[in-house]
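Let's start with one chain on its own, the form predicted on its own, as structure tokens.
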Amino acid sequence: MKKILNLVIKELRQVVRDPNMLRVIFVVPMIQLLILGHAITTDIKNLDILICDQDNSAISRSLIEQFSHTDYFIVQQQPCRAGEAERFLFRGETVLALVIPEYFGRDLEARDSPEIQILLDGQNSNTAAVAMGYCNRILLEFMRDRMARDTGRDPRLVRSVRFIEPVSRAWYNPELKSVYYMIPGIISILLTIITMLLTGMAIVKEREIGTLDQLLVTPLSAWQIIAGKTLPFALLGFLEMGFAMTFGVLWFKVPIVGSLPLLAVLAAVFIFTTLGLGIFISTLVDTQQQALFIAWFFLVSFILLSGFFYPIANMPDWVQIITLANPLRYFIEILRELFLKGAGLTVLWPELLSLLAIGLTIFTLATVRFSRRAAA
């Protein structure tokens, strides 16, 4: 153990003496967390909507007012004729166009069924779908208000019409802030970068300058060298996660309602997995450039297949099977469940077992390859 401890101290001193490395580990991730925490959001606000009011009646103006009194849309009202809304969409001057036809108010007063045209720029399908949902909700509220007003005038309708009043409550994220959902995912990605990338790069760097060969001819065994190389980055990973979580809580007001000791245990298992990946990558390459490229390949694949941006359930079945080998998928789920729901081990044990299985497999494979390469 003393040999490993000396190697760990030597690695930590090497990191502390390198100001650039300290900036990469502690400053750059905080900047990324700050920018990405604000930039990556699924909330839609201030979306440009073009309203072509061809009716220009009191009822159509009332409908436009309903759209104006939300944070979702910025209303641009243009006197446009039939077919002009498409040109605004094509030129990218609006994302959504609402065309109120002529005689809309008259038909509504006559209890006919007037139609409203909604045109969407569907290039970004997610934005289009959310905007359509907001539109339908506003139109539904408008119709409900109209119906309530009409029934108020006619006592017979009051007795015959019954409204369903939905009482909704969002659990675990009552304000429905997407930043609460995104910050745990960003922290997971930053932790993966620090532990996997830096471990692999550090070992390959020592191989390039020849100091790894000097370590291999010492009485240290292969597993002792691996332990000495990975433990410092495990410690730095914990520090990094602590800083990121503190920043997320203080700056973005992200709640953490779960158990911090349990989070530390689960994070240790995840870091064990990513450190194994870093060692495994170092056994595949000869230069730092190659290590960076391979690590980047794994990192991008992990992020896109983790459910961070897109629900895994929406992916094809064969892709969902591939995601089962992705450790980031499980750790993002763990952080979100712990942060927002306060989930315990009785809920998170499947993720823990999956991480343990992946970590043991990767670490064993990495150790075997490292030992073979050292003996060669």
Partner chain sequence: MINSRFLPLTRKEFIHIRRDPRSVLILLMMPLLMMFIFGYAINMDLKNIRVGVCDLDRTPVSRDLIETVDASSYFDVVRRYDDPRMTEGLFRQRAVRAAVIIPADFSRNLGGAGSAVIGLVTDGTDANSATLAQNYLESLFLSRSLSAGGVGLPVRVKTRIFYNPDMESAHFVVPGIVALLLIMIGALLTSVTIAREKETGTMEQILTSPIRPYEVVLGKALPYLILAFLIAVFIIIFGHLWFKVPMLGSWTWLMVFCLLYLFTALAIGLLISTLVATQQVAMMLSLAATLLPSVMLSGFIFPISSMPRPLQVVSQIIPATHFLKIIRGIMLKGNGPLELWPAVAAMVAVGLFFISLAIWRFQLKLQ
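Positions refer to the first chain, counted from 1. The term rigid core refers to the most C-alpha atoms you can superpose between the two forms while keeping them within 1.5 Å. Every value quoted in this text rests on a predicted model; they were computed, and no experiment measured them.
From this point on, the text means the form predicted together with the partner chain, which you will not see here.
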Item checked: Candidate from Val75, Ile256, Leu215, Leu89 lying within 4.5 Å of the partner chain in the model of the complex - any heavy atom -> Leu89
Check: Among the candidate residues Leu239, Leu119, Ala268, Leu220, which is the single one with a non-hydrogen atom no more than 4.5 Å from the partner chain in the model of the complex?
Finding: Leu119
Checklist line | Segment that reaches the partner chain in the model of the complex - one of 189 to 197, 260 to 268, 220 to 228, 245 to 253, heavy atoms within 4.5 Å | finding: 189 to 197
Margin query: I'd like to know if Ile35 sits close to the partner chain in the model of the complex, meaning any non-hydrogen atom pair within 4.5 angstroms.
Written below: yes
Margin query: Is Gln289 part of the interface with the partner chain in the model of the complex - any heavy atom within 4.5 Å?
Written below: yes
Next item on the list: Report whether the minimum heavy atom distance between His69 and the partner chain in the model of the complex is within 4.5 Å.
Entry: no
Item checked: Asn56 within 4.5 Å of the partner chain in the model of the complex, heavy atoms -> no
Checklist line | Partner contacts for 116 to 131, taking the partner chain in the model of the complex and a 4.5 Å heavy atom cut-off | finding: Ile116, Gln117, Ile118, Leu119, Leu120, Asp121, Gly122, Gln123, Asn124, Ser125, Asn126, Thr127, Ala128, Ala129, Val130
Check: Against the rigid core, is the Cα displacement of Asp145 between the shown form and the other one at least 2 Å?
Finding: yes
Notebook entry, point to check: Does Phe238 move its CA by 2 angstroms or more between the shown form and the other one when the core is aligned?
Noted result: no
